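As structure tokens, one chain now follows by itself in the form predicted alone.
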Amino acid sequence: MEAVVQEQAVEAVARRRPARVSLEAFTFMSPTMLLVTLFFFVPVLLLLWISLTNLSSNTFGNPLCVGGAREVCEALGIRAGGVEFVGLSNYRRLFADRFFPKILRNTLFYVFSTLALFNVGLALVLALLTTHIERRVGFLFRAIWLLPRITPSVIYIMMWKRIAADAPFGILNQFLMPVGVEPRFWLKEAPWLFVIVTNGFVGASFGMLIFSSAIESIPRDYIMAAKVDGATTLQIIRTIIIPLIKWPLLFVTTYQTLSLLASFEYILLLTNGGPGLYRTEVWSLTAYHRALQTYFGNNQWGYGAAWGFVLVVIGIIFSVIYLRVFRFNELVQEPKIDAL
């Protein structure tokens, strides 16, 4: 009888343990969940609501023109205003925009070119180089590469405008003229080159730091054993380093993709979407222009919010794709321990 009672008590404790572990986990995660809810989910819901209205600077009228006074104001020619629910009309207007395909192509080209060449590609190369040289020299090189990131955006872009300026002021022209290259306004001739480079130099520094830390954390025994077996440096990078930094690769790729999708500051300061008609206009810059920088002072917040909400959906889609490509489910599995 006592054995049965003890067995029932053990089973009761076992049933309570998962609930206790779940409660502890949720308690530990609650501050993060609160912040994510306040600063992501709530703004996204507000963005969705605004995108379903005709909210603009024209919808704010005289605050006295409410209720029965609205008809009197309209008869007197006083704008009454008022926000109205318009459903999906902003989204229909968005997809019917004649420049929608061009802006989408510009965005995809900008994101993936900058991501592959600089934010992940160059960042990984810099991390590998600076972790395979003398430690203090590598630290100094990484510190120098951080200068574009800590430089104020306006000053940073003014430097690039000076480099790409037309003759006789352009620094690039002064270097190329002696070798027979005709001077030209390079920012107008090759705007995408400077858009990608200016953003890439800043973005590469973030990935460089993450990848460097991840590479430094790899046990040296693995690399020494591979060298003893005769592995070359490229073989060590391909078979040891890259597989062991999948987590940082996933994080940097996902974070930088979302960052590039939402960033427009340097493009705004460098080209403002030009030169010409939407030549370097990207999605986030279009949302800014539609919502906050339109002609005649009419800020179309509802229409700009529609562009912004579609951008949120695009970011979620890319995140899910990255989780599948990097096999996120396998990364979060508990390590398998062989029982002897």
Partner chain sequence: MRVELRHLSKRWGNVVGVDNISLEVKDGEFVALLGPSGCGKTTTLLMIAGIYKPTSGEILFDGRVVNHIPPKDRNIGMVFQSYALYPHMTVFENIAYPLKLQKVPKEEQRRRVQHVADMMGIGHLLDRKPGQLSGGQQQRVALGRALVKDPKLLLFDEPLSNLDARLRLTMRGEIKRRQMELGITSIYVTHDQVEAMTMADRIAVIKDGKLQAYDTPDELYERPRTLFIAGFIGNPPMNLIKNVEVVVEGERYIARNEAFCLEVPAERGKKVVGQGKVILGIRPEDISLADDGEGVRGEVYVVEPLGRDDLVNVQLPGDTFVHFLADPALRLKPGMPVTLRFNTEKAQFFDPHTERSLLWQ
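Numbering follows the first chain given and starts at 1. The model shown is predicted, which means the values in this text are computed figures rather than measured ones.
Beyond the structure shown, there is the form predicted in complex with its partner chain, which is absent from this document and is the topic of what follows.
For the candidate set 134, 182, 221, 84, a heavy atom within 4.5 Å of its partner chain in the predicted bound form is found for exactly one residue, namely 221. Only one of the listed residues (159, 240, 190, 167) places a non-hydrogen atom within 4.5 angstroms of its partner chain in the predicted bound form, and that residue is 240. Contact check for residue 150: no non-hydrogen atom falls within 4.5 Å of its partner chain in the predicted bound form. Though the partner is left out of this view, residue 228 does reach within 4.5 Å of its partner chain in the predicted bound form, counting heavy atoms only. Using a 4.5 angstroms threshold between heavy atoms, residue 128 stays clear of its partner chain in the predicted bound form. A residue is said to contact a partner when one of its heavy atoms sits within 4.5 Å of a partner heavy atom; residue 235 meets this definition for its partner chain in the predicted bound form. The chain is drawn here without its partner chain; in the predicted bound form, the stretch among 106-114, 255-263, 204-212, 241-249 whose residues come within 4.5 Å of it by any heavy atom is 241-249.
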